[in-house]
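Take a look at this single chain in structure tokens; it is the form predicted alone.
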């Protein structure tokens, strides 16, 4: 199967040599070819360039993209797509003035989702989750990280990993599974948290590692959940099984989780709604990328990640949806790109870099995803007609996408 797209108004994120991350001031630069073409064979980008340099190419499918933008599909590096049911009642509680902590204390939050998931069959969980993922793909996401974390027991967490594996096998999208080993403390362990840490490190992580489905371990490092000492114990346990950290930090409080993540060579530190100069200092010179989740800030009315502080310090930034049933029930990366511009004060160029190449880096896949580069995987978005790519974040409540190509297949 080959696809030729011609007369592209703007072809975005074009790199002749492979780029795997963009940092600081470089994020302001988005390489563009005006009036372009791109040729795909099977699942690979083969050739591209200006229409004035185009020479006829035989292709199974030819798409005339006159007036349209073509760019890499979104790389959503932080989601919780696999869950059961919803938490609509908590949405109403929040409108009525209850805080995140108050909802959790009355049996809502993560514990609510965990009970529903534990009571849901593996087949039902798969059907609910693959439906959500297909919706994300239709909205332009071609690579998606999916976390566990709503199991809270070994049996339920392994069930989640098996469902993610099935999704990975069935979907054309690139799926990155992550074991969110420590998301919340179950009721039966409330007064004996250290027993639960031991359960995670001595039973859950070893059993999960045996499945050989994930290469990442995650922890919700936050007051009332897992502190620095707890987090380090879990990361150390994961390291024994070659599980690299991707951790939730600084959502509500600064505990020192960013420096801990850097110490343990975390691929990403996610949330960062709270941030100080020590955190910035810790990130400098590291291979760890910050991931902002503006959809969560929007939905539960907490501060937005100080993205300008991160980028202006010369650091890289990725953006992701945090798609989950409680605090960010939307996987629409088009909205996240817009929110990054409006609320995080990113330029459209910075936002698109954060949602493509840097999102891919935050999943460990930017060597093959996230840019228009010869030899990379053919995951592309073709927009509706528009004058300039800045219209993608500008028209924040509108769907900019006309067609999606995933793994070289036109959907």
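Note that the structure is a prediction, hence the values are computed from the model and not measured. Residue numbers count along the first chain shown, from 1.
Another form exists, predicted in complex with N-(iminomethyl)-L-glutamic acid (NIG); not displayed. Remarks below refer to it.
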Heavy atom within 4.5 Å of N-(iminomethyl)-L-glutamic acid (NIG) in the predicted complex - residue from 214, 327, 288, 305: 327
Of the candidate stretches 76-84, 171-179, 116-124, 186-194, the one with residues having heavy atoms within 4.5 Å of N-(iminomethyl)-L-glutamic acid (NIG) in the predicted complex is 76-84
I'd like to check something about residue 250: if you look in the predicted complex, is any of its heavy atoms closer than or equal to 4.5 Å to a heavy atom of N-(iminomethyl)-L-glutamic acid (NIG)? no
Heavy atom of residue 322 within 4.5 Å of N-(iminomethyl)-L-glutamic acid (NIG) in the predicted complex: yes
Taking N-(iminomethyl)-L-glutamic acid (NIG) as it sits in the predicted complex, is residue 226 in contact with it (heavy atom to heavy atom, 4.5 Å or less)? no
With the partner left out here, check for me: in the predicted complex, does some heavy atom of residue 100 sit within 4.5 Å of N-(iminomethyl)-L-glutamic acid (NIG)? yes
Those residues of 139-163 with a non-hydrogen atom no more than 4.5 Å from N-(iminomethyl)-L-glutamic acid (NIG) in the predicted complex are 150
